[in-house]
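Here we start with a single chain on its own, the form predicted alone, put down as structure tokens.
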């Protein structure tokens, strides 16, 4: 029998009136990968933040290698060999990879050349290709995650908590991460893998702990279960995927959005969007596949009016819109669900009603002689909460009190109502659980049936193939081609995502 390195016994944690964890007990053994599975808001991250010292427990006890241990801060956790890689990285963008890794771990005069060498050797042990002397803010998100892992390896952590580690990774980067976890645990280390992706659970976990509504509902060995059973445990019922309507002849319907040779080139730099042309019709879901950081976010910025393009033309129902203000574009009936809801879609310290008002504060529906029609706004927000199955007590809840999936549902509901003609979705299901993903996919397909034009940007090829009518592949700011769904295989699309044009052959 492997030694239990972590035992959490009868842990309870409440935030005001909300019970986040109730009487939770779990064990992590030496050399084991434990997958902590559950929907957003199930209590997975909370229980691990208690183990890492970010939250204090209200009741219960923690044992590390059989000894009761008080963990009041991350410093206490690290002293006990525990490290955590959170969903939102804790890196300083203006510092290099090495500087981020040694931050807080070295005192006095620092020999940076020596530390660069140590970090480089450490990264090579696990097959990580890290530019140690480049500022983190200039690195791709997949490389940033490797730096977070190296921070844990640098302090010789033997218990690694990974919170939704593949949420921002491409399929190729996810495969590399899975290989790292296998290598790491083969050396006797332990990993707790917080996720909602069943494929990853079946690939890398030894044991699966399923949580729902703050409690542990099941613990099973990976070899004794399957994806279907785990999905039922996680959400409490079967999920029936929505199916795309392939009968609608969208190509005969009017064109809503058209890009003509659009280029965005920052001063003294290469183009981040390079002569991109495409069109989206009523009732069409046009997908853009690609590795993050290849110009997809900038394309959305140009479309929504956040950044002016350098060259080209953008037409909305045949009329130029590239010189319009953001408000004028909203008034055209364009809804936009951005990739980062924290930065671009919500104000976390505002209520849900206030967040609904954010993009329509000029609308007479909500404003009367300079005053907000709060009763009408609250009624609308309550209806939206009910319609999209948002787990919230009411319109006065602060946005930050909701789980990520429920925050995304609020953004989705607001934008779908604003976007009467065109919906733009930039990675709308990134980091969300199966239930939330299923809900968002069904909403997207409902909007297609309503004959809205839909632009869907995603790094998840299963999502692209499952929803889109036509698919463009974006690489270094250019389109590698535009194809009808079914024209290319997953492998061919994957090659195009890597910039290999022969993928279409």
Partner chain sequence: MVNFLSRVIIMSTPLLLGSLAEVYAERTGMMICAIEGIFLIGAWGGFVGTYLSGSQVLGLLLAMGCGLAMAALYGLITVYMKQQQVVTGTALQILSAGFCSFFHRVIFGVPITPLQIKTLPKLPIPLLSQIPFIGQILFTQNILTYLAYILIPLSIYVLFHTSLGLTLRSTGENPEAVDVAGINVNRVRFFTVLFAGALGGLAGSFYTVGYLGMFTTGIIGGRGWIAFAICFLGNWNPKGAVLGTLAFGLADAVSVWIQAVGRSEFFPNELIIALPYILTILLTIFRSNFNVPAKLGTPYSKEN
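Residue numbers count along the first chain shown, from 1. Keep in mind the model is a prediction, meaning the values are calculated, not measured.
Beyond the structure shown, there is the form predicted together with the partner chain, which is absent from this document and is the topic of what follows.
Using a 4.5 angstroms limit between non-hydrogen atoms, residue 104 touches the partner chain in the predicted complex. Contact check for residue 74: a non-hydrogen atom falls within 4.5 Å of the partner chain in the predicted complex. Using a 4.5 angstroms limit between non-hydrogen atoms, residue 370 is distant from the partner chain in the predicted complex. Interface residue remark: residue 323 is not counted as part of the site for the partner chain in the predicted complex, having no heavy atom within 4.5 Å. Every residue in the set 89, 94 and 99 has a non-hydrogen atom no more than 4.5 Å from the partner chain in the predicted complex.
Of the candidate stretches 311-319, 269-277, 76-84, 191-199, only 76-84 has residues with heavy atoms within 4.5 Å of the partner chain in the predicted complex. Checked against the partner chain in the predicted complex, the candidates 452, 49, 470, 439 yield a single residue with a heavy atom inside 4.5 Å, and that residue is 49. Contact with the partner chain in the predicted complex, judged by any heavy atom within 4.5 Å, is made by just one of 54, 461, 445, 63: 54. Expansion of the residue 78-residue 400 CA spacing by 3 Å or more is recorded in the predicted complex, set against this form.
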